[in-house]
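Just the one chain here, the form predicted on its own, laid out as structure tokens.
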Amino acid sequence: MRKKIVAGNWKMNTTLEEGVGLAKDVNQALSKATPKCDVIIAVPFTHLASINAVINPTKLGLGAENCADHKSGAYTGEVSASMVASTGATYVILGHSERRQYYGETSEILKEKVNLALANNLTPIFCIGEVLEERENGTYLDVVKKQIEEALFDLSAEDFSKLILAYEPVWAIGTGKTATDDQAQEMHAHIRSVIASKYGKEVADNTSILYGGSCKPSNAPQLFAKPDVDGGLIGGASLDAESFMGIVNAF
């Protein structure tokens, strides 16, 4: 059975003190609950080691929001996969639409990042998704298929099986718009069929695919009820422990 997962992506938010406090709040809430899903927080690089020291890793997974596409070297300001792993983090978000849009990350760059993450025993949460123009002109299924093929289809079936995928309708991130649960299901089923075409039904059926477009406590139950939606990659709502737990409890 594939895992149900709710992962928070804090993005460029919280000071170190604020972040440690938020992580403690989430950790405490989880200590009193028995969630029916895995729970992960992906936090700024500066917070990783400090947060790792205050959470229970059996209850709350820790991830970075990115890593470099180089192993080491003269890349001022970059943070390598091995550096991320050395903090105690076990997950890393790769290919987020904001990285693609603002920092020009291509499939070739992302291919390197995925390989380095896996080599350092990090689980990539790999993001894919279309912009509004691609949704409206009807190319959205082909766009997402191409993103998967170009960045991930060089992986062995064994390595692909270590990934978590996250579908981001880019037009629904921070806009207040949300894909309907039927739109989310259509894309998640499509993603699963793309995986099956390369790696077979068993790998596809065991791949967790998260929804990442303005998911909130109010719409999470309908989204998570869909058969191919295995959880959420949560942005703004993950910055408040109560709101985040509301999504976790949607399972």
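Numbers follow the displayed sequence, beginning with 1. Because the structure is predicted, anything quoted here is derived from the model rather than measured.
Note that the form predicted together with phosphoenolpyruvate isn't included here; everything after this is about it.
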Which residue among Cys215, Met187, Ile41, Cys67 has a heavy atom within 4.5 angstroms of phosphoenolpyruvate in the predicted complex? Cys215
Exactly one of Gly138, Gly73, Gly104, Gly174 has a non-hydrogen atom within 4.5 Å of phosphoenolpyruvate in the predicted complex; which residue is it? Gly174
With a 4.5 Å heavy atom cut-off to phosphoenolpyruvate in the predicted complex, the contacting stretch among 220 to 228, 22 to 30, 207 to 215, 58 to 66 is 207 to 215
State yes or no: in the predicted complex, is some non-hydrogen atom of Glu150 no more than 4.5 angstroms from a non-hydrogen atom of phosphoenolpyruvate? no
I'd like to know if Glu98 sits close to phosphoenolpyruvate in the predicted complex, meaning any non-hydrogen atom pair within 4.5 angstroms. yes
Within 4.5 Å of phosphoenolpyruvate in the predicted complex: residues from 1 to 35 (heavy atom criterion): Asn9, Lys11
